[in-house]
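Just one chain is shown here, as C-alpha cells, and it is the form predicted on its own.
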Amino acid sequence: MAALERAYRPKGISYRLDRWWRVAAPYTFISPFYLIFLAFGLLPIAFSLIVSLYDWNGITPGGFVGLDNYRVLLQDPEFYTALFNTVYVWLGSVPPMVLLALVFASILNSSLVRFRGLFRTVYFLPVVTSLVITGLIFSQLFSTSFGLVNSALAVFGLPPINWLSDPAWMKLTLILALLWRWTGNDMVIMLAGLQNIPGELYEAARVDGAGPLQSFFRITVPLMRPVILFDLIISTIGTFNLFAEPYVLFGPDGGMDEAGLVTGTLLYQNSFVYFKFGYGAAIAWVVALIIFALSMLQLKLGGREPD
C-alpha cells in the first residue's frame, strides 16, 4: 500500500510546497519568541557591550576608549562602596528571606492550618505592590519625625532613630523593606516545591516517632535542596539588580555617606544623571560577571551531597 501511495503521489509544485511547509511549519510557529528575544534580548546585550568600549553620552557620537571604562571603574572608590553595600544587603536579606520563606511555606502546606488560601494571599500581597509604593511606605514608617516605628520606640521610652539618614541604620531599613516585600514571593516558590514531596514520607517518619522538627530537617530540607538553590540564585540576581527601594528611600546618590548606594543606583546615576552611558554599561557588565561568579559558586556548593 505504501508503495502504491508513493507511485501515485503528485510530484508537482503543490506537492513541493506542501513538503516544504511540513518542514518549515514548526520553525515558523516558534519564530516569534526568537525574534522578540533577538530584538529585546541579544541585541541590547551586544549593544551594551559595544557601548562599554566608548565614551558616549547618548546623543553625540562617542570616541572609542577600549577598556578605559573598566580600568577607571576598578579604580573608582564609589564603585567599591556600592559593591560593599550591595553585598551587605545581600548577606543580610537573602539567607533570612529564604529561611523564612521555607518555614512559612512548610506551615501553610500543613493540613492542620485553617484558611491556608487566605494566609497565602496575605503573604503574597506585598509582591504585587508597586515597588515605588513599597519605598514610600517604608519611608513613612521609618520617618524620623512622624514615623510609626519611632512612635513605637517612644512608647518604651527609647530615643528616635534616624533610620533614613544615619549610615548605621540605613542598610537595616533597606533589608527590612526587602524582607517584607519579597519573602512572600520566595514562599510561593517553596510551596510549589513542598507540594511535590510525597506525603507518605512524613507519615512514615511520624510512625517511626519523628517529630515536626526532625521531619523538617531530615525530609523537607534535603528534598528541597534544588528549590532552595534556585531561590538563592534568583534572589542573588535580584539583590545585585536592586534599584527601586534604595532609590525611593535614599535617592540616587545613596543618602548620607553613600550608605544606601548600591550597584543599581550607581549605574542609574552614571547613565541617566551624568549621561556617561559607556561607564554605566561597564558597571552593568562587571556586576553581571559578579552575579555569574556567585551563581556558579552557589551551584557548586549546592550540588554537593551532604556528608
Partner chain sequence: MATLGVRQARGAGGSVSLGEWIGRHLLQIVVYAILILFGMIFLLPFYWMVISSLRPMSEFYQFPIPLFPHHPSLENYRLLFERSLFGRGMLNSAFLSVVSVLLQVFFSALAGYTFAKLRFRGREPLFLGLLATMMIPMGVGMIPNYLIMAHIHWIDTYWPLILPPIANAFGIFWMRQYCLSVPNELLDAARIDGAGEFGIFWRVVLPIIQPAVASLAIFIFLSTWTDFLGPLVYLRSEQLYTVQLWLSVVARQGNVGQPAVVMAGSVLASIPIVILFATMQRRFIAGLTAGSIK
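Bear in mind the structure is a predicted one, so any value in this text is a computation, not a measurement. Numbering follows the first chain given and starts at 1.
Below, we refer to the form predicted together with its partner chain, which is not included among the displayed structures.
- Within 4.5 Å of its partner chain in the model of the complex, a heavy atom is found for all three of 22, 26 and 206.
- The stretch that touches its partner chain in the model of the complex, counting heavy atoms within 4.5 Å, is 104 to 112, out of 84 to 92, 166 to 174, 71 to 79, 104 to 112.
- In the model of the complex, residue 294 stays away from its partner chain, with no heavy atom inside 4.5 Å.
- Interface residue remark: residue 280 is counted as part of the site for its partner chain in the model of the complex, having a heavy atom within 4.5 Å.
- Although the partner is absent here, residue 32 lies within 4.5 Å of its partner chain in the model of the complex, judged by heavy atoms.
- When contacts are judged by a 4.5 Å heavy atom cut-off, residue 197 counts as touching its partner chain in the model of the complex.
- Residues 48, 51, 56, 58, 59 of 48 to 87 are found to place at least one heavy atom within 4.5 Å of its partner chain in the model of the complex.
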